[in-house]
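Just one chain follows, in the form predicted alone, and it is written as structure tokens.
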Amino acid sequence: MDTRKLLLESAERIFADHCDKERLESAEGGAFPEKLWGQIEENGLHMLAMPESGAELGDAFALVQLGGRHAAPIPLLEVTLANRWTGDAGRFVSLGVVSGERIVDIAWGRRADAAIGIEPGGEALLVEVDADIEHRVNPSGEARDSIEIRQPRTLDIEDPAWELFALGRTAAIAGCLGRVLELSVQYVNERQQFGRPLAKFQAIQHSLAIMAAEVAAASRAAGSAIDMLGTANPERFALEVGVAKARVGEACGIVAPIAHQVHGAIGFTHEHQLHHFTRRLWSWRDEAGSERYWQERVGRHVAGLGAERLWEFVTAPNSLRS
């Protein structure tokens, strides 16, 4: 059995035990899931991206994808990358995005000792978190706090920080999309209408087929970008991430509405668990660069290559540099 499979099996048990509807609602109410995070730390999963962990960097993103499947209400991606870049897993450091004089969208910044602000394509700034941190949430109720940049320390990072952050969101979305499909298939097989399961109706089958195609495409796009980790061509890696982030974002806009349609009225209620996943899809698709941001970035590169090099760009991922 390979290392990644062992890690994911262990993480699956943890998420299954600690990511039920009650705990998700508690986290959305502002309570940090200490027991879940304690299990993550106890098993060393928050250190997977650190070079000394012995794991591959792709293992950390596979873990993030699994966390997305469970809508895990913890800053797994953020702390994992922060530990890699600071080399210190003893402190709780989260990530956000530099916006003017502030770092915004810090996942559970209120719980953090420090925050790293990432500038798209630029520097990464480390700032200590103080009592003046502003509590905010994204549309799914996840903590996305904001703090003024005071006495920042520029981190010397060899990684493409912005692209790794976007890749993490891509992986989480791919996992979450898969879970939304599972919930929908389960529901239509259990729900009876006119004496037979909803899954027997052609219109429902057609909707599920569309969902399945989108989920498969999103999963493959995320996997392709993860496979490019460590490539000798950093520009190509950035473009792969961009394509993947845009593709999973597009899938969000198709899968989530269909999921609510096939669930019928129950899927729109707060009591049902579906909204915990679909609201994350709608939130995450705009974090770490929206579809439009990444489509424009990829589009500018492709346009600059010219028509005669387009086929080479599509078929030979390591051959092109600007």
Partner chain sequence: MLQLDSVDLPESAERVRHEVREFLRAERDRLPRPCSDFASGHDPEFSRRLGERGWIGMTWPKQYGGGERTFFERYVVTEELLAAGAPVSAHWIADRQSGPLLLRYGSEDQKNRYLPPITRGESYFSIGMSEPNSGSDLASVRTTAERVGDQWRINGTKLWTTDAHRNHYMVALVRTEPPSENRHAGLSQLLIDLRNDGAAVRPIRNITGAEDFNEVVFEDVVVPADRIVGEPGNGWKQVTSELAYERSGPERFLSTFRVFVELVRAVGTQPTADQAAAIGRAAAHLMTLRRMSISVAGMLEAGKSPEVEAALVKSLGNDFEQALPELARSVAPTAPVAEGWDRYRETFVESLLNTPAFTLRGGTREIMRGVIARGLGLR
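Here the structure is a predicted model, which means the values were calculated and not measured. Numbering follows the first chain given and starts at 1.
Separately, the form predicted in complex with its partner chain exists; it is not shown, and the next lines address it.
- Not one of Arg91, Pro257 and Glu287 comes within 4.5 Å of its partner chain in the predicted complex, counting any heavy atom.
- Contact with its partner chain in the predicted complex, judged as any non-hydrogen atom within 4.5 angstroms, is confined among 238 to 246, 129 to 137, 71 to 79, 157 to 165 to 238 to 246.
- Proximity to its partner chain in the predicted complex, taken as a non-hydrogen atom within 4.5 angstroms, holds for one residue of Val97, Ala143, Leu208, Ile147, which is Leu208.
- Think of it this way: in the predicted complex, its partner chain has a heavy atom of just one of Gln39, Gln295, Ser53, Ser283 within 4.5 Å, and the residue is Gln295.
- Contact check for Thr3: every heavy atom lies farther than 4.5 Å from its partner chain in the predicted complex.
- At the 4.5 Å threshold, heavy atoms of Leu181 reach its partner chain in the predicted complex.
- Interface membership of Asp113, defined by any non-hydrogen atom within 4.5 Å of its partner chain in the predicted complex, is ruled out.
- By the criterion of a heavy atom within 4.5 Å, Glu308 is counted among the residues contacting its partner chain in the predicted complex.
- Looking at 219 to 251, the residues that come within 4.5 Å of its partner chain in the predicted complex, counting any heavy atom, are Ser219, Arg220, Ala221, Ser224, Asp227, Arg236, Glu240, Val243, Ala246, Arg247, Glu250.
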